[in-house]
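The form predicted alone is given below as one chain in structure tokens.
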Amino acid sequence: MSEHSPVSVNTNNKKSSFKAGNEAPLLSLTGVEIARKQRTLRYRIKKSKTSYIMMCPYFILFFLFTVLPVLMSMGLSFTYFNMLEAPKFNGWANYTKLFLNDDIFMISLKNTLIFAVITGPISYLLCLLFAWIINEFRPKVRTLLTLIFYAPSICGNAYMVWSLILSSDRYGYLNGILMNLGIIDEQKLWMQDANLILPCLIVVQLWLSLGTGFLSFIAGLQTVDKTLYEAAAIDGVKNRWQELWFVTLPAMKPQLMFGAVMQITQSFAVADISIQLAGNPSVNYAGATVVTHLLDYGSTRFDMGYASAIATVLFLLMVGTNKLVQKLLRRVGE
């Protein structure tokens, strides 16, 4: 027995060394599998089950009234649908007509892009600038100023006020003031002159632009940690503009992103201003936008397939612009 005992010991040592040698790979494989499992949607839902249950009512409403209509609109854009008959598939016919045969759409698209390029960045910067200035006042004064700047965006009679200002007769406020000052000799047809319609609508849009994005900037400025300014001063920040770029704006990136989304949506979805002030259709379609063109086909002509194609193009345009703005905002503070 004693002669065979070393052999048994050596065998056990070989087995133990074999196990020890494979133990690390087994552990590493297990870690990889665990990490891969933790990245799955099922694991995250199970881990945060309570949160998902709380989100469920909103998610259901969001899916039914936002996601589903968008998907249905994309599907209907490939059909002919007149609201009386069942949709008939017609392939790319709506998009071919939209870009090759619809001159009014091209005018509307040009006007919408002009609106977006001018009113979008300017209104965004104005919201941020006014919010930054108002934030420096005492709470009561800040509240009053916030109400004054925000009121035009929720004023139901704003269009009536601007109709009086831009009235084409000599009793219109703008014509009367300019004629009394001797700037013009006769009244201007503000909303009947194709060369003046779009500039007037841009001014009105800018006046109404201090809306939800403006409030989000006010809220974001209130959440910036004051100790960050002290740390920045120690690191060499010397003036308020450097504080704004290196401290304030990076600390409120979520609000900046939200404000950008709101301003993009608002600038691309211009319709009520044009309809109320210039009419639909406007003179030579000078005030036409993509949304007014969509409403014409969807609400007046009931060509829902073609209207869905217009809506799909507008949706993709908004998404693309939003992605570009998000990429730019990520560089804030660099």
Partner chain sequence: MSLPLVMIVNNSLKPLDEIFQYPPAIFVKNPTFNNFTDLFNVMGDSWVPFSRYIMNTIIITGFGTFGHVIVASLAAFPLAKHKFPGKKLLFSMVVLSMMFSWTVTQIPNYMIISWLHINNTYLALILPACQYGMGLYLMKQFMEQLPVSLMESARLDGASEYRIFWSIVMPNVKPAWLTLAIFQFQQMWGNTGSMFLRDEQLKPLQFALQQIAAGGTARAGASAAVTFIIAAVPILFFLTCQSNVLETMTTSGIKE
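Numbering follows the first chain given and starts at 1. C-alpha atoms forming the largest set that superposes within 1.5 Å between two forms make up the rigid core. Just so you know, these numbers come straight off a predicted model, no measurement behind them.
From this point on, the text means the form predicted in complex with its partner chain, which you will not see here.
**OP:** Can you work out whether its partner chain is within 4.5 angstroms of a heavy atom in all three of L64, L294 and F315 in the predicted bound form?
**Re:** Heavy-atom distance to its partner chain in the predicted bound form: all three under 4.5 Å.
Original post:
Residues in which of 106 to 114, 223 to 231, 196 to 204, 179 to 187 have heavy atoms within 4.5 Å of its partner chain in the predicted bound form?
Top reply: Looking at the other structure, the answer is 223 to 231.
**OP:** Could you spot which one of W241, F89, W92, Y171 gets a heavy atom to within 4.5 Å of its partner chain in the predicted bound form?
**Re:** The residue in contact is Y171.
Original post:
Heavy atom within 4.5 Å of its partner chain in the predicted bound form: which of V247, L128, V261, M191?
Top reply: It is V261 that has a heavy atom within 4.5 Å of the partner.
Subject >> Non-hydrogen atom contact L100 with its partner chain in the predicted bound form at 4.5 angstroms >> reply: Contact check for L100: no, nothing within 4.5 Å of its partner chain in the predicted bound form.
Original post:
So in the predicted bound form, does any heavy atom of T79 sit within 4.5 Å of its partner chain?
Top reply: Heavy-atom contact with its partner chain at 4.5 Å: absent for T79.
**OP:** Indicate whether its partner chain has at least one heavy atom within 4.5 Å of a heavy atom of L166 in the predicted bound form.
**Re:** No, L166 sits far enough from its partner chain in the predicted bound form that none of its heavy atoms falls within 4.5 Å.
Subject >> 4.5 Å heavy atom contact, F149 to its partner chain in the predicted bound form >> reply: Looking in the predicted bound form, residue contacts with its partner chain include F149, since a heavy atom lies within 4.5 Å.
Original post:
Taking its partner chain in the predicted bound form, which residues along 297 to 320 bring a heavy atom to within 4.5 Å of it?
Top reply: Read in sequence order, the residues that approach its partner chain (within 4.5 Å, in the predicted bound form) are M304, A307, S308, A311, T312, F315, M318, V319.
**OP:** Answer yes if the Cα of Q276 shifts by 2 angstroms or more between this form and the one not shown on a rigid-core superposition, and no otherwise.
**Re:** The answer is no; the displacement is under 2 Å.
**OP:** Tell me, please, whether between this form and the one not shown the C-alpha of T50 is shifted by 2 Å or more, with the rigid core used for superposition.
**Re:** Yes, because once the rigid core is superposed, the C-alpha of T50 moves 2 Å or more between this form and the one not shown.
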